[in-house]
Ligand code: ATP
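One chain is shown next in structure tokens, namely the form predicted on its own.
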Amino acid sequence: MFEGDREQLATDIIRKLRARGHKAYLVGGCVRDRLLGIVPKDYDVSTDARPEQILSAFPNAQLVGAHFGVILVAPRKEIAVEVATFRSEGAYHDGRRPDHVQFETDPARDAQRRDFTINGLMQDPETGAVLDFVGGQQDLSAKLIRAIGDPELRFTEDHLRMLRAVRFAARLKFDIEAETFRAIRRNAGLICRISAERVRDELVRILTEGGARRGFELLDNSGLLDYLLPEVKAFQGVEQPPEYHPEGDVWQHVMMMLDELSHPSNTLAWGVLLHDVGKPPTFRVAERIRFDGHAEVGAEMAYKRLRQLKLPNDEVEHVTSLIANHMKFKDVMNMRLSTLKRFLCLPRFEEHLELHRLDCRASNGRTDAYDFAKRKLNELGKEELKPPRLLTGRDLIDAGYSPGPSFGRALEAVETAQLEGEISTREEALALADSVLRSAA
């Protein structure tokens, strides 16, 4: 919504800095995207102006990275542009940040410290002229992700760059340059030193920005998957009953589902990736291949992994629900009406439905249960699916009953009867509750 505003803001910042005698350019991902014909989400400006000079030009700006000379110019809450002083960097001893930086006046020095050639470009927003000190334009044309300088050094400086290489390759449909890819394979184990939050954010982007299947195939081929999500790596070679899954093993099934994703929500993407995570540990062969209880086992495994990755609690709960409930669709046409209504009332049921649709498309293709559930969802309507409660615990207390464990059973029986259409009044509900409570006495 605000992309044009950000572009105008970045252009105005550059004009103002230049009017004060400074060099200033668009830099990084916004230049890459503009050259590829993609509307940038964010704009960054790089300049030879020192932080105090930037703050003097924009008095209401905020210093967000004092050590790195990064200033946030945000005239409105909805739009903001980061302005950073040209810099070179010292050694990285923590695998994330340089120990020290040195401010520079030469833009070429700033370009050399960046991660990939396609992210090391600068541009004059008014003339469109590109400053390319690292061969980024050539790699854009060749559709290559190439580390600037020595890839081994780039990845030992900031280990997360290995994941970023995969993300850019997946989203842009680029290849990773051969030596850059070999360096990722050699250093894959270093990814374990990166914080869970930073890893999580990159994985979410790989899953949701487009090209999720290719992203996970690259994670696998690079060796990163073994360290990040070994339970997903375990999908490989786990056979499935061909009458239900003619597509192949669990890995192939999940990759086909990822291939169908188009900028999904975070929770749907994680649900697709992990919905069958319980299959490897529950695999057994009886009269045919079976995965007894894999939905329940998978929900527990996913909960642990997503908690480790520090996803928000509400997202963890929803993804766990997607996994725990995904096998219930096979029984949907034989459910009691009350059971069906409760199932259709699961929070954000549209994602349960979409997960099942993708599951069908990547297996035997049969969508009978999906079509039935979708039809019933539309037929029944919100009021019938979840009508106002006829009775509460307070009603039972007011009627003279003493609170106890049987209250829950009585209220559940009333709700079931209401959903089945067997009762519809408060009097009928009280009579049924009385019967349950008396039998429990």
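Bear in mind that the values here come from a model prediction, so they are computed numbers and not experimental data. All residue numbers refer to positions in the sequence shown, first residue = 1.
Unshown form predicted in complex with this ligand; subsequent notes refer to it.
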Contact residue in the predicted complex, from F329, F291, F168, F235 (heavy atom within 4.5 Å of this ligand)
F168
Give me the residue from R305, K341, H352, R205 that has a heavy atom within 4.5 Å of this ligand in the predicted complex.
R205
The chain here is shown without this ligand. Which stretch in 50-58, 398-406, 378-386, 34-42 comes within 4.5 angstroms of it in the predicted complex, by heavy atom distance?
34-42
Applying a 4.5 Å heavy atom distance criterion, does D220 contact this ligand in the predicted complex?
no
Can any non-hydrogen atom of G69 be found within 4.5 angstroms of this ligand in the predicted complex?
no
4.5 Å heavy atom contact, D158 to this ligand in the predicted complex:
yes
Although this ligand is absent from this view, report whether R113 comes within 4.5 Å of it in the predicted complex, heavy atoms only.
yes
Which residues, if any, of 9-32 lie within 4.5 Å of this ligand in the predicted complex when only heavy atoms count?
G28, G29, R32
